[in-house]
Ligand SMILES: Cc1cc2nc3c(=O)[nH]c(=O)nc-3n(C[C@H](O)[C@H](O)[C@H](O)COP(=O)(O)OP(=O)(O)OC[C@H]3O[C@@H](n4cnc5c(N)ncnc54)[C@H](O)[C@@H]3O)c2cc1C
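Encoded as structure tokens, the following chain is the form predicted alone, with no partner shown.
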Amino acid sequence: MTNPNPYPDLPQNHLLKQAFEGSARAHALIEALQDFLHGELAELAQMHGIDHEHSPDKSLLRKVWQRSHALGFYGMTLPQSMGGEALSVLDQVLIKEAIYASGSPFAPHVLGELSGPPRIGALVRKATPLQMEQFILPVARAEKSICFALTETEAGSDAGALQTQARLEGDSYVLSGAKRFISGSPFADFAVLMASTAPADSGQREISAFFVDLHAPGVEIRCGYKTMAGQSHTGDILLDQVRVPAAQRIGEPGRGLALALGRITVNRLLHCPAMLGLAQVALCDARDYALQRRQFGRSIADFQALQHMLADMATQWMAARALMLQTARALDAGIDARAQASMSKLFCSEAAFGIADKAVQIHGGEGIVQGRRVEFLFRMLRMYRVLTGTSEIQRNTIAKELLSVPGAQHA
């Protein structure tokens, strides 16, 4: 099937036009999503003054979630039994890329990436009927929002080094500790929260997962800081003797970290279409600016130095996208693609930031002024080199996979 240009910012005859490799259903969803993003959501953003620098509040986000749910987009990543689309990884990648390539400030919220169905889809098989009714279904219906709380001040790359404690007392756990840099927490109702259930001072690592009501006594959300991208989607969760019914523990005790890391390969890959969608916006903005800006009596696009920059940007984008799509195909084929997913996350994040960097350079003085989209994209794409595992952690994973080949000799 030929791609009918799901990225309106690119002319049909542009170098980046490619054959559409996904399913017919994904193709139809992308077309419908483009109408939503460039129609209703564009009007909503203009009406409320929402852009990349000015985040929507929770009440406005809830309207977006509920409208997306009504149109059939919000829960598309859920299992079919819950009304999901049963999309392949390749389809998910293509859909997410199209959403972010739209340039919409609502891009992270259309599918509820920070606070909705993508946070719970993998938990359906582990959840009890009570947990389904109390936590998962309200999120799936866009009635409630949820975040994923793992990171702490001393537990980032070393995910098992959690200090938050969950002590069993009767039929409840008592949770105390602090979670740091939790995406979606400022507007979440619930958290899937990881805590240590090992005996205090035992030195053991036993991580368990819990559904936590963020409105419960003893819970405080601190979100008075912004990331370098200027947004306030991130906050800290403080827990002071919070009583959580044992029925809200997810799965078996000590299996929380396995649950958290169970979909890490797919999740790492699914960050790549966001990066490349944003990088595509930066590339288009740089190209358009180069064609419009005149110096020395002609368009700056006539200067070979800028032509080479644009050529490098387009080549890096194409190479990163090819790696991303190949990894998606591998996952759909059932291949253990941990190394490939880390390669994709590493290469896409570095390439996307490089594209944004060159886009700023092409814009010159205009590119370093806050309010210019390329300046925001520079900051946003710099963050992706840290999020969901730093570039250094990705290299560790790749090296570990390479050196674990049977028969390899280790020093």
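Sequential numbering from 1, following the sequence displayed. This is a predicted model, so every value here is computed, not measured.
Just so it is clear, the following notes concern the form predicted together with the named molecule, a form of the same protein that is not shown.
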{"query": "Heavy atom within 4.5 Å of the named molecule in the model of the complex - residue from Arg287, Arg119, Lys96, His109", "finding": "Arg119"}
{"query": "Proximity to the named molecule in the model of the complex, single hit among Thr164, Asn267, Thr234, Gln316 (heavy atom within 4.5 Å)", "finding": "Thr234"}
{"query": "Contact test in the model of the complex: Pro138 vs the named molecule, heavy atoms, 4.5 Å", "finding": "no"}
{"query": "Gln18 within 4.5 Å of the named molecule in the model of the complex, heavy atoms", "finding": "no"}
{"query": "Heavy atom of Ala209 within 4.5 Å of the named molecule in the model of the complex", "finding": "no"}
{"query": "Non-hydrogen atom contact Leu150 with the named molecule in the model of the complex at 4.5 angstroms", "finding": "yes"}
{"query": "Output flag, Phe181, Val386 and Glu392 jointly within 4.5 Å of the named molecule in the model of the complex, heavy atom basis", "finding": "yes"}
{"query": "Contact stretch among 306-314, 288-296, 156-164, 130-138 - heavy atom within 4.5 Å of the named molecule in the model of the complex", "finding": "156-164"}
